[in-house]
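Just one chain is shown here, as structure tokens, and it is the form predicted on its own.
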């Protein structure tokens, strides 16, 4: 038995995401993870990307599980979680080279998603990278019926939730000096979207 929370999907998607982060975070040193969830991704990625310092974060109620994974890993390059609610959090300006978040945008209200991009824009130094994993709509279209069904399910549980349009995320990004550079398709009809911080707001 273990007291560490475990998500099968998180374990399953770690390998394809890691291959992307090896490229996108190769020049980074300090990474902030927004919404570390169980903590599985943090320790899996920090173990391989040992040039990084991985800072976990989440709402307070998830800290025990994250701390359990961080403690069991005995990794020196992953830190106990910060208390971050994207709607209210204040992160030091230019304090990270990279930000990572997984499966968060579709479970937040759209106002919180917009605020998350503001937080990321503040936290990243110029040329810093934001990698966001999850399902997205592109040009208003779902890439699979399963994602259309998932969106319906989410909105039935809470009308504020739902799979986001990538173009809307690009608009939130642009206001915060972030420009999308790449979009990777990964298994289970998900994506990793990659934005890079420029020196000035994008018009």
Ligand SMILES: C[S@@+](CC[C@H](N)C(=O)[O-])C[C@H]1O[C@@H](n2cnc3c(N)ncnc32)[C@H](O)[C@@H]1O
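Residue numbers count along the first chain shown, from 1. None of these values were measured; they are calculated from a predicted model.
Although not depicted, the form predicted together with the ligand is the subject of the following passage.
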| property | result |
| --- | --- |
| Residue among 59, 138, 48, 160 with a heavy atom within 4.5 Å of the ligand in the predicted bound form | 59 |
| 77, 104, 122, 73 - the one with a heavy atom within 4.5 Å of the ligand in the predicted bound form | 104 |
| 10, 36 and 87 each touching the ligand in the predicted bound form (heavy atom, 4.5 Å) | yes |
| Partner proximity in the predicted bound form: residue 91 to the ligand, non-hydrogen atom cutoff 4.5 Å | no |
| The ligand contact in the predicted bound form: residue 108, any heavy atom under 4.5 Å | yes |
| Segment that reaches the ligand in the predicted bound form - one of 163 to 171, 140 to 148, 51 to 59, 24 to 32, heavy atoms within 4.5 Å | 51 to 59 |
